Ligand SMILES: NC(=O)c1ccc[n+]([C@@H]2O[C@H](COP(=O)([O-])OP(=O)(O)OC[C@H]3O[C@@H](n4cnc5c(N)ncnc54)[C@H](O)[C@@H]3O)[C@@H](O)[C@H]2O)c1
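Single chain ahead, written as structure tokens, the form predicted alone.
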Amino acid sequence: MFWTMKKKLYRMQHQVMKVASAVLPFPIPVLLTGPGSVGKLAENIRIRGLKHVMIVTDKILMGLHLPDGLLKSLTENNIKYTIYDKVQPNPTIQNVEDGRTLYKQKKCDSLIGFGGGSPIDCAKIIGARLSNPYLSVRRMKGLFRVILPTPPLFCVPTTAGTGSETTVAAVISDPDTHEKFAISDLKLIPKIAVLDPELMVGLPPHITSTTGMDALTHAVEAYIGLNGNKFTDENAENATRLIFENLEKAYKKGTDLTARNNMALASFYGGSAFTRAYVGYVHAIAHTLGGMYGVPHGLANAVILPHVLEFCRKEAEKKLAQLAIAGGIGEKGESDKELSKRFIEKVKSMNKKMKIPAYIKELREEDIPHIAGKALDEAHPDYPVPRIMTQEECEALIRKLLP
């Protein structure tokens, strides 16, 4: 009886959130796309009257000289820059505070997140802390807790997966509690997103595959959840089609600029879908595994996705069937049951072809009840999942991820 009431309360919140997401004024970043588009960002920054930008990135990208083209164009446009390159793979609260201190010391007036989801998310939260100094990172956890607008933020993704360049969300880790949590607010959506496939040609195959499956997870969870609308469904369908057509090509041949460009667009579309329609249990479990073990987010999503889809296949059968058709692996007239199963098999097949493991090597049996509890705390009541999961069901699903 208590569980039945709880589920009804969750569904009531989902309905409220669906209405809210339909009426909230979600900004859409200006898009600069195509090979060499990173060189156009500096001019757009100059036109806005900005003088000194802080670039948030990591040491690996600096070592690869990936930002060189951006730095050159900033200099040519008489824009000063300061580089903060200490972002970790799972950015921490300390990364945010260090970046904020440097920004203030150098008297910057804007931010560029350059890299994968980690630098972009870190840049978002640095901006939130700068404009809201009285709010700690922990106090901004959850939905709509960033009070004042951030300094101008521009994003240059170097992976095609997170979609962070168009979303309301930023994910951060707290090493003290081994917690990984999201901050979500309309004020975190960047002004400009640069999708330049030339920045992605050097991505190692395993990063290409797992970030691509991250983008697919965004599209799928947004689509099968209960809060979608025409806009999010169209974006999720476009993302799925582009990923099915291009991810394995980019994985096999990293220099394929067409495949890279299409994957960058797929990531953007997936981000546009889930930032309005939310995600589900795949992300909730992946965030917990990332916080506890440091498991890369895209890898965790890829491994977990088929298990969650099997868990809710019957409830999401019609939507999965529609997504199979949109993705080009089915046709109208085939049964929803057959199409939904084919979609899940396609996900498993892509993982296998791209050598993504079927397990999480760091996972320990004794941690499973804690992981399940933390994942459900994140998911309930915010994520409008097609089938609501109990603690026991969540533990049983996570047990399938053991080595």
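Residue numbers run from 1 along the displayed sequence. Computed from a predicted structure; not experimentally measured.
Keep in mind that the form predicted together with the named molecule is missing from the display, and what follows is about it.
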Using a 4.5 Å heavy atom cut-off, are Leu66, Gly117 and His297 all in contact with the named molecule in the predicted bound form?
yes
When the named molecule is placed as it is in the predicted bound form, which of 126-134, 97-105, 245-253, 205-213 ends up with heavy atoms within 4.5 Å of it?
205-213
Heavy atom within 4.5 Å of the named molecule in the predicted bound form, from candidates Thr288, Thr167, Thr240, Thr217, belongs to Thr167
Using a 4.5 Å heavy atom cut-off, which residue among Ile79, Val303, Val171, Ala326 comes into contact with the named molecule in the predicted bound form?
Val171
Although the named molecule is absent from this view, report whether Tyr269 comes within 4.5 Å of it in the predicted bound form, heavy atoms only.
no
Does any part of Gly113 reach within 4.5 Å of the named molecule in the predicted bound form? Heavy atoms only, please.
no
So, in the predicted bound form, is Met354 in contact with the named molecule at a 4.5 angstroms heavy atom limit?
no
Considering only heavy atoms, tell me if Lys319 and the named molecule come within 4.5 Å of each other in the predicted bound form.
no
Pick out the residues of 140-162 whose heavy atoms come within 4.5 Å of the named molecule in the predicted bound form.
Thr158, Thr159, Thr162
